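Have a look below at one chain only, the form predicted on its own, in structure tokens format.
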Amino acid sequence: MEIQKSSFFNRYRKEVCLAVILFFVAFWTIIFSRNTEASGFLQSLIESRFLSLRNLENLSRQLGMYGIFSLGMGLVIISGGIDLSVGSLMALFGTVFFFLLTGSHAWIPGMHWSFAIIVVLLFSVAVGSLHGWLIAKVRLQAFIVTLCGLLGYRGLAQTMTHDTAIGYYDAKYDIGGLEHLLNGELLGLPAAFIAFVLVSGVIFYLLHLSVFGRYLLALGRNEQAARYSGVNTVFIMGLAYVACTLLTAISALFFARYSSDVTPSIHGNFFELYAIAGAVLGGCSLRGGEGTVVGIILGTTVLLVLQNMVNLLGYDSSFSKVITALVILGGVLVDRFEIWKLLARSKTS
């Protein structure tokens, strides 16, 4: 029995540690956001602002929106790459989507929201294919390619809108169905969270139960060895970048509806850092070849709960950026010194 427990901890040590961290962060927030006017201590905890239905609903919606593109970033990091263009793509996809709804751009025709969603998703696949081709086939550095995207995509969105906000209020067709799809609820859960659960299931299957996942992990560990083993590394790496931009587009649709308009100069700012932070905190190694879907979900959740704690406890909102920086640094240090393995060894001994 002891051997089985040690084996379980060795296999899921990152996820177990993250779950413990999440529990303590949530408990800390509940304690210090409790209702001090309640009759008893237990009652004050139950009525804390953290456990309020409104806060939990907002938290689940944020988890859905941030979690979707964090999963895409996780796939890229597992492949041994990086994508710095996520935030700028968020602005560009949102801008294109609203232009498709309104038809207010000379080069973009107005259309029904269902066709607009399909066009945005196809556009994201094209962008991801370009990234994959430049990085996997042409052999350009992922950092350089996506850094150019970080600058270029946001600049393109600003040029299209003349650096002003664009919304969907002048949509050419009825958007009632769009409201229900992107802003509705199912069993009391926000649509973004439901989409996140579905996407997580698909990514879990691809990464942990399919040949693609085995090839992706092998690619991240040693690209040359994977190529000599018969793995089409160009295709697998390219597919990782396509998945990342596709998931970014899905998330962008929810963010665009949630904000009701897009101002390209600020929309999606630093989102690539949130995605990297969630993936790295979740156990994805920046050297590639390591990472799990459960870890990415837990890492993103911990990050959002920490930001929620900052808001509920009345700290300066800018402090959340400090938390993000510390999370990334902490994740890199854990990976650099292989602290997860040290924990596993101490548990076994």
Partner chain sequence: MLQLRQISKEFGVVKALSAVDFEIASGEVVGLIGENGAGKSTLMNILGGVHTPTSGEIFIEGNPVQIHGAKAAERLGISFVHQELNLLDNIDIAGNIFLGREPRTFGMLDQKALAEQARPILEKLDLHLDPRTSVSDLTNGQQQLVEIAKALSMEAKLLILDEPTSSLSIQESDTLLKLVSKLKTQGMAIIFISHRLTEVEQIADRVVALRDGENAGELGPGEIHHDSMISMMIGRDLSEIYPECNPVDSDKILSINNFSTQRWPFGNASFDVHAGEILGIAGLVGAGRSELAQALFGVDSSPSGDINVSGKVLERGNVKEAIASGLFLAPEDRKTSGLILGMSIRENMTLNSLDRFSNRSKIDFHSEREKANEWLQEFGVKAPTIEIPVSSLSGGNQQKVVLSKWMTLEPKVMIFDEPTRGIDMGARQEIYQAMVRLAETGCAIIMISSDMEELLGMSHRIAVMREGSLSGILNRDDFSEKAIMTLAVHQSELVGN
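Please read these numbers as outputs of a predicted model, since none were measured by experiment. Positions refer to the first chain, counted from 1.
Keep in mind that the form predicted together with its partner chain is missing from the display, and what follows is about it.
| message | Please tell me which of V125, L140, L217, V119 lies within 4.5 Å of its partner chain in the predicted bound form, judged by heavy atoms. | response | Contact check passes for L217.
| Considering A225, L198, A106, L186, which brings a non-hydrogen atom within 4.5 Å of its partner chain in the predicted bound form? | The option sitting close enough to the partner is A225.
| Counting only non-hydrogen atoms, which stretch in 108 to 116, 205 to 213, 68 to 76, 245 to 253 is within 4.5 Å of its partner chain in the predicted bound form? | Looking at the other structure, the answer is 205 to 213.
| query | Does its partner chain come within 4.5 Å of any heavy atom of K172 in the predicted bound form? | reply | Result no; K172 lies far from its partner chain in the predicted bound form.
| query | Looking in the predicted bound form, any heavy atom of G230 within 4.5 Å of its partner chain? | reply | Yes - in the predicted bound form, heavy atoms of G230 and its partner chain come within 4.5 Å of each other.
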